[in-house]
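The form predicted alone is given below as one chain in structure tokens.
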Amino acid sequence: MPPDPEGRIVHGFSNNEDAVLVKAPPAGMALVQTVDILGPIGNSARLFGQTAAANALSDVYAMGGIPWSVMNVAAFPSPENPDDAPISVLAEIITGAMEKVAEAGAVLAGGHTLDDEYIKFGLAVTGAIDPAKAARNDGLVAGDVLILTKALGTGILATGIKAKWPGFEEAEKEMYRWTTHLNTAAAEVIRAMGLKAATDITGFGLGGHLLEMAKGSGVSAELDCSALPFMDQAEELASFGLIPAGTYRNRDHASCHTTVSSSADELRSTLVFDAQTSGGLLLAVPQERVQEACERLNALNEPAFIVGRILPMRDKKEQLIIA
């Protein structure tokens, strides 16, 4: 159970209530709410739990919010079937998740478990945020510079791990190194700098999520393939064809609004759409404040990869430009 030094949980756990009373955030703050649930990724139940929690918390961080309370959402096979995973696996998943919830400073407000053939786990998260300072998908402005805070490649590495490709043990360590890392520091920079636009990179890949932002903001966005950071082994595994089908679906879905430069690396231009799990935040920063943003991130031991820029609106077929 994550600690609750402020007494956010007012009533519920001690008497097995069906609902929990949670103290509201400070006056003037709004709620930011989200829910996200995943199937297992990798082979460690505990690290999968950490990953699933970090992934769900990331939606709050992407707006510059502070996690306040969470509820577990779990699907797990009935322990009556001897062929199913033992209940200790679910315990490990929840243990890992609660470690990240505690790290985020949130409290547990209950949850729900389903009897299901397949294991799934995630969180419903409530965060607190100043509504006047929330970063949004529709806040991009021409001239903004794009800063990414995590390397790409979880979809590729997860595919290699599942296939037990040579070196998959190291690939798994690399994947979990990134996926279990909270986006707390990037959210702190959003708040400190008053950034107007940001998103977290998850299932649609970097390209898909950036295209959503470009559409919402009425601008075009350019990614520099040569500047994209990738996890160790990601490009190598992709070159052997270990690219998940979801990556191609993301690319195809975005194709009618995407232009790929003839000079862009073919493999990297595909991996722009690699589906990420618990990816980093993509921050839109005014040109004159880029150095400040990078220094703030680095001071918090957070990477700062400059990966692109925002341009005035072009033809709708060029809302995402991969150069």
Partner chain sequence: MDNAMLDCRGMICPQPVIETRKALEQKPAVISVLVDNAPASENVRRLLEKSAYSVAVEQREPSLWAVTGSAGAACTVCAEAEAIIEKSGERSRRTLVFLSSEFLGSGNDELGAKLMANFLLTLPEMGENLWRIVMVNGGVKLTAAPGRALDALKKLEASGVSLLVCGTCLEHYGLLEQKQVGETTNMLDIVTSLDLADKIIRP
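Residue numbers count along the first chain shown, from 1. A quick note: this is a predicted structure, and the numbers were derived from the prediction, not measured.
There is another form of this protein, the form predicted in complex with its partner chain, and it is not shown here; the text below is about that form.
- At least one heavy atom of residue 267 is located within 4.5 Å of its partner chain in the predicted bound form.
- At the 4.5 Å threshold, heavy atoms of residue 243 reach its partner chain in the predicted bound form.
- Its partner chain is not drawn, but in the predicted bound form it has no heavy atom within 4.5 Å of residue 253.
- Among residues of the shown chain, residue 163 is one whose heavy atoms approach its partner chain to within 4.5 Å in the predicted bound form.
- With the partner left out here, its partner chain still marks one of 182 to 190, 155 to 163, 121 to 129, 87 to 95 in the predicted bound form; by a 4.5 Å heavy atom cut-off that stretch is 155 to 163.
- Checked against its partner chain in the predicted bound form, the residues 169, 236, 116, 138 give one hit for a heavy atom within 4.5 Å, which is 236.
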